[in-house]
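Okay, so here's just one chain, in structure tokens, the form predicted on its own.
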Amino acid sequence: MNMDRIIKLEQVSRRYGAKLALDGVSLEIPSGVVLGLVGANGAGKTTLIKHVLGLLRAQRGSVRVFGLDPVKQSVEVLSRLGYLSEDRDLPPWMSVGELMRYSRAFYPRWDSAYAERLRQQFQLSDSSRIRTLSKGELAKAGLLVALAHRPELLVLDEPSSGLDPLVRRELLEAVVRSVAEEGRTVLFSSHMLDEIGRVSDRIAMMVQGRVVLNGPLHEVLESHRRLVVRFPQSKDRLLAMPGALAIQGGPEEWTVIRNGGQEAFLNALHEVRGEVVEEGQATLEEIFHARASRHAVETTENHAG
């Protein structure tokens, strides 16, 4: 395996009873990038992350982190990564200072000076008990523990869920600064698309256990267009057009999210006497909803076939 690939999943599947949580997922994360894992709640993001952490064994396919099996070689893998989850499961009876000293024992590379700088930056009192911390302070304490041993890989699973916008921004800025300073690799899972767009180099979109889009963020944004098309007469529905992922509106004016195939799309549009009256770059949210809608249509058609 090329060690430039910090994480590599090949055709990973996981079923919980009748529910297929991961459906043949293949994903590679290169060294030194922030990959934003996008998806609605229940799309499979947390299940994927549990495989990366070695908490679940792939029922089908393979998972490698640093070229290692995270289940069989869990100590080696976990010592090199930092993890912050939505749950922020920290010992409630400890003080912040005790949490730092307790965590230090597990990580040979723990940087006490760096941990103290983070504590001061996050304005966490050394003597404050974990059980007395606000949601925002809990998230900061969790991020401190995740960062202080300077991990090669940082895994963030919905880290800012339930936090107010100011705390969310502070957390994201700390992550971005850490990555910029040390070239850290980050797997960042969120259903908040504005966060993903702000911090990610690459994105992977998940829908119903499958990765439906994966690539550099700038390429994803540049390759999807939002068009407003108009017709001289009303139309009850607009037939599928080449490259169109989602079509909404009517009866005379429709909004289309298109990916690729510009010439074929325009030729098909002219054949039905339509014209483009507005065009721009689609937002990440529009792309996600268009891709999710397209996946739902294709799934229905496959089942019908």
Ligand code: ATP
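From 1 onward, residues are counted along the sequence shown. All values derive from a computational prediction rather than experimental measurement.
What follows is about the form predicted together with the named molecule, which we do not show.
- In the model of the complex, none of the heavy atoms of Glu195 sits within 4.5 Å of a heavy atom of the named molecule.
- Heavy atoms of Thr47 reach within 4.5 Å of the named molecule in the model of the complex, making it an interface residue.
- For the chain shown alone, Ala21 is a contact residue for the named molecule in the model of the complex, at least one non-hydrogen atom being within 4.5 angstroms.
- The closest heavy atom approach of Ala40 to the named molecule in the model of the complex falls within 4.5 Å.
- Just one of Asp126, Glu86, Glu182, Asp201 comes within 4.5 Å of the named molecule in the model of the complex, counting any heavy atom, and that one is Glu86.
- In summary, among the residues Glu137, Glu158, Glu170, Glu152, the only one with a non-hydrogen atom within 4.5 Å of the named molecule in the model of the complex is Glu158.
- Contacts between stretch 273 to 293 and the named molecule, counted in the model of the complex as any heavy atom lying within 4.5 Å, involve no residue at all.
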